[in-house]
Every structure is written in structure tokens, then in C-alpha cells.
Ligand SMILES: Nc1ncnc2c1ncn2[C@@H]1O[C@H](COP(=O)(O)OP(=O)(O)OP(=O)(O)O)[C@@H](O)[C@H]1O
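Shown below, as C-alpha cells, is a lone chain in the form predicted alone; questions about how it binds or moves come after it.
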């Protein structure tokens, strides 16, 4: 194995895993047209841990995230949240999902876009609390991501990075324990992506969420993560788990460290 050893990250809590994939396999289709997306994935993400999934295109990274969110059923194997079998009907408020591009309605203000998941979940009886409680939380979240004063704006009035900040607020509005993030900054320019990476780490440190993060950007994975899970070409299998032993908090100076660049080189070695 080409792993880099790590001491226990001080941010990660020593407890039962927040989310566990136990022998997860996923096939699409049947017969000669069957696509073997994932094969026998065993992965645990601890409470408060930041874990990135990397691998070649088509290796099943997003599929694994979708299974973790209950959007896909595994062909075999199981997903567990804090040791209990995953049941989407009972786990709706436990998981927040952030897509590759912001999912915002142009005709709704920032505030109303952020509140939309709450209105849907309360309608389905999945959330308690009155709307004023969530209105107050919108203000807290907008402050957290640096968008104070933009609650009345519309998505078309915001930059791409600002729209993705709104998506983060949207996923945090009902205070889920786990965030699943599918290349959320992949469409942003390099400078904005760097800013969003630092913003995400700030949010993570303040909220202590468990994050499972998909990216094609290996430098991004090293900068953000406690652990990097390397998946093989399809069918996706876990090739290795690389522990990232870099001090926190991290900023642009982190990228100048020899340890950072050594880790980037180590991760790149799987794709040569």
C-alpha cells in the first residue's frame, strides 16, 4: 500500500461511525448490458470526520454517494447510520446532499430557496418546530457563509460561488448530521474554488458535521480531508485509504508545506 500514516485528527471524535457502507455492491441493468458500478465497498466514516472519495471517471464515486443518501438501492450490502440500518423514511433529517451544481429556483429568493427543504419535509411530517425557528436559522446560516444581506436576492443576481454557498445553507437548514457533497465546486474557476474550499473548512470546523466529499481534484482532496479513499476503475473497489496528517486549521500556507506536496504526489501515484 502507498498510504501515508496519520495520527488521530484532533477534530475527529472517537465514537461509533456516523455512516458505514458494509459490503456495498451496485449493478445497473441486467444480462449482457449489466454495468458493474461498485463491488464490495467496506467504508466507515466517523462522527465529525472529513473523507474524500477520489478515482477515475466512471468508478462509482457519485453512485456510492447516492446510495448513502438513499437515492439508489445497493444491489447487495447495507448502509448504516450510527450502527442502525439505513431507512430513508426514518433518516431524512440525518443527511444533507449538495450536488455538483446549485439546485435553486430562479423565481424564489435566496431565503425561500434555503427554506424549501424545510417546507417539503414539514409537509411530509419529517420535521418538528415552527417556521420562525427555521427563519432564524436562515439568518444564522447566511452569516456563517458570508451572505448577510442577500436573503432577498434572487439566484440570477449571485455569482456561481455565492449560489453554491446558498446550496450549502439549503443542506444545513434542518441541521443534518452528515453532509454528502458531489463535486460541489467542480464548475467554479480556480480562484473561487480555493475560496470555497477554505469557506467549507470554516463551516466544517464550526458545525462539526460528518462530510463525505467526491472530487476529481486530488489537490483539493488533500487540502480538505482527514482521509482520502481511492477507488479503482469500474467496478469501483477501495484500492487504499490515505490518512492526511496535516495541521488544522488549513489555509493557503498549507499548500506550501512539503508534507502537503508529498501527499499530493502519493495520491497522484494511483492514477499514473
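Residue numbers count along the first chain shown, from 1. What you see is a predicted model, and the numbers here were worked out from it, not measured in a lab.
Just so you know, the form predicted together with the ligand exists too; it's not on screen, but the next bit is about it.
- In summary, the region of this chain contacting the ligand in the predicted bound form, judged by heavy atoms within 4.5 Å and restricted to 238-246, 31-39, 199-207, 217-225, corresponds to 31-39.
- For the three marked residues, 70, 84 and 175, no heavy atom of any sits within 4.5 Å of the ligand in the predicted bound form.
- In the predicted bound form, no heavy atom of residue 233 sits within 4.5 Å of the ligand.
- Taking the partner from the other structure, the ligand in the predicted bound form has no heavy atom within 4.5 Å of any heavy atom of residue 94.
- Among heavy atoms of residue 194, none comes within 4.5 Å of the ligand in the predicted bound form.
- In the predicted bound form, the ligand sits beyond 4.5 Å of every heavy atom of residue 52.
- Residues of 141-166 are not found to place any heavy atom within 4.5 Å of the ligand in the predicted bound form.
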